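Take a look at this single chain, the form predicted on its own, given in structure tokens.
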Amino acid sequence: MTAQPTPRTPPRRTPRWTRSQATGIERTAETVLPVVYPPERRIDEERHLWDTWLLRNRDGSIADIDGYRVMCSLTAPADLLPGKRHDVATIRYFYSRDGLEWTCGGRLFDGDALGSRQWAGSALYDEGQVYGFYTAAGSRGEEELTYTQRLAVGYGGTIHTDGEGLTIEGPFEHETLLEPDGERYERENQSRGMLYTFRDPWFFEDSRTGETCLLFEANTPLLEPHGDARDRYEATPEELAFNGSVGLAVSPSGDPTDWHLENPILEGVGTNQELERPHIVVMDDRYYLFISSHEHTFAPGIEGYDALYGFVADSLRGDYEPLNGSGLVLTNPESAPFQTYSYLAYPHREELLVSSFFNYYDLRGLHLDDVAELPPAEQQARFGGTLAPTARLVVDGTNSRRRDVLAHGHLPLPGEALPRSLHSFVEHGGDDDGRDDHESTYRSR
């Protein structure tokens, strides 16, 4: 279904992640993850895996398909240099009965997917049909890579199981769902920032209101960066080039292929350029909005980390308040600042589980910018390319604290009991920055 003209949403003040809030970011014992070491074997030895999401039902619960759960991941050949993986990214699906041992079922889509490559999104299972939301990056057949981005969907796939496993079969029909309008969301030709974003579609049906929504990462257009915008955001022109936002689209009919753009639900103008992979968890009648972001996408004057950040409000469009005062929820230790990334939180009993992927490790003081200068074999050796240990997280009002971690890539269903973890923060605390004792404890297990 072709996207319809977007009705204008009445103006309102968009909640902001402000510079003053983000300058409070610091590592604490409640936010730092343990040092991650390579697993005995990767989920897929033939491929790099990074951004990952679970197949879910309309109500957000994890889909249970004849005892299997399904996850989708961005993948690339394992012999490719890690820094080139986004240029050839393909979505593959994996299935598991226990959430620990995963089998690759193959590519989610056939050759008809939009774009020259596909980036992160979400997956919906509804009335026996699979909807794969994704970012269509570039244009099919282009000789030189471009970075045009639009929100797309492939729908019509069906799932089949037997004694041997699970398959997702097409044909899928692909459509562009949304493109930026230039007013609420910046178009590529308007971008003044370090990066341009219009990606990461995340399906969300509001259990309290019944509203069918799509969240996504975007940028706020700053048509007058030297005038009104500077005063409105209390930022310099240089800081205003960092203009990330969390976008919102709504389906009035509930049809997962029919969307209208609305105003963003959070802006990071003057604070951060990339509010990646936005998703919401509703707990205790409150809305917890989570994003991932990098240390290098924070505006000048703000020292942030590669981390999971979170915000809470009383409604989807409410006035979001950063968790823990600054927004920082989970981050890597100072000794391994880039070891995990691309976080996804989902409910498990009275807490949240947070998955991520095992990124660059054992850099020995090198920054990410230095990795490309290393010999190819060293670049490969220092990239995890699989899922990281799953973290346990307790959220209470406007505060959060991490607990322990499970095994690499262990994604339990909400009702399943958790095994004894690999590393306990509860019984084995460290210093206030969560580093030294945590690392030594993790090594000893």
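In this text, residue numbers run from 1 along the sequence as written. The structure displayed is predicted, hence computed values, not measured ones.
There is also a form predicted together with a small molecule; it is not shown, and the following applies to it.
Note on the interface: of 320 to 328, 296 to 304, 119 to 127, 282 to 290, the segment with non-hydrogen atoms within 4.5 angstroms of the small molecule in the predicted bound form is 119 to 127.
Within 4.5 Å of the small molecule in the predicted bound form, a heavy atom is found for none of 27, 309 and 334. When the small molecule is considered in the predicted bound form, residue 358 lies well away from it, no heavy atom lying within 4.5 Å. In the predicted bound form, the small molecule sits within 4.5 Å of a heavy atom of residue 342.
Remark: residue 199 counts among the residues lining the small molecule in the predicted bound form, judged by a heavy atom distance of 4.5 Å or less. For residue 246, no non-hydrogen atom is located within 4.5 Å of the small molecule in the predicted bound form, even though that partner is not displayed. This chain is displayed alone, yet in the predicted bound form one of 97, 150, 86, 187 has a heavy atom within 4.5 Å of the small molecule; that residue is 86. In terms of contact with the small molecule in the predicted bound form, the residue from 276, 267, 262, 239 that brings a heavy atom within 4.5 Å is 276.
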